[in-house]
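Presented below, as structure tokens, is a lone chain in the form predicted on its own.
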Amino acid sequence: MRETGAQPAYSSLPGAEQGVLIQSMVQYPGSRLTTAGEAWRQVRNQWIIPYGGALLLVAVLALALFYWRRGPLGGHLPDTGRRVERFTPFERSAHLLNAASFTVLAISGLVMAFGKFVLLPVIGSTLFGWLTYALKTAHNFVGPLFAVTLVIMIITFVRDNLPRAGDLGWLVRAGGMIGGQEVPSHRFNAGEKVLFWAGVLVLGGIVVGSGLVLDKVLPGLAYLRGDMQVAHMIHAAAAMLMMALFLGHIYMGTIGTRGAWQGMRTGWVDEAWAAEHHALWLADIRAGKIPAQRSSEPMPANLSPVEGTR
């Protein structure tokens, strides 16, 4: 890449680069000489948006096809009436706040990225302008909340997402999609662990870090236009990948697995559900290695704990 420096002039306005009207000229191999701002715009409009949109569309279509062919998983064992506490009230609250903030960020980000092509021709410039302004403001304020809840989620669930024996076999057989029988797993299966480490920790950390730069809340940074453009490209690319991964998580936690949504909503799952989807976790409970109830929340009425509860 060849770059020529911008020529600053006098300006009474405060802030970094206040005297620079036009950014430096850059030239990528095989491209014409252009400003850094125009190069950033081309990367956004010709790479991140079309390829990111295609990735999300492929993910949605793949999940729809899987649901059409397989339907919701599980439900083959009759309920026993004996319940296991899968998520404590604190874990559910942390997950709810994180999911709610992620939803606001995802919707507002998608509208800012694709709204000009999808919504603007339909609702007109006036309404679209007010909508994007409101969503951009929500995006900026909800971002720090997402960062805090993400840290809480990582601390809360990191122990149960550490690699264990059997995880590799789960991945090799895709959790049971190869062979037709679900592979036994501990509290979280290998697919959920990959989502935790790749989606929550790595991509989530990248999205949060670049987002805090774009929010200009990190001390000691000059926040030059070139730095902000790089932060935006990193932020957008990581967010697209993160949304594609979490589409699968949302699917499996709602319509993709029978009883999964109830387990997150109430915190409790039936012993049969645990046996079908997380047999090794249930075996540890029955052996007394871990309790069937980890909080002081009352057991649901007319239900009894799994044997082995301490």
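The numbering used is simple: start at 1 and walk along the sequence shown. Because the structure is predicted, anything quoted here is derived from the model rather than measured.
Just so it is clear, the following notes concern the form predicted together with a small molecule, a form of the same protein that is not shown.
- Only one of L150, A238, V230, L131 lies close to the small molecule in the model of the complex, with a heavy atom inside 4.5 Å, and it is L150.
- Taking a 4.5 Å heavy atom cutoff to the small molecule in the model of the complex, the contact residue among T88, N161, N140, S210 is N161.
- Using a 4.5 angstroms threshold between heavy atoms, F246 counts as touching the small molecule in the model of the complex.
- The closest non-hydrogen atom of F146 lies within 4.5 Å of the small molecule in the model of the complex.
- At a distance threshold of 4.5 angstroms between non-hydrogen atoms, A275 is out of contact with the small molecule in the model of the complex.
- When contacts are judged by a 4.5 Å heavy atom cut-off, M242 counts as touching the small molecule in the model of the complex.
- Considering the small molecule in the model of the complex, the lone stretch of 39 to 47, 53 to 61, 259 to 267, 66 to 74 in range is 259 to 267 [heavy atom distance within 4.5 Å].
- For the three marked residues, A99, F188 and E192, a heavy atom of each sits within 4.5 Å of the small molecule in the model of the complex.
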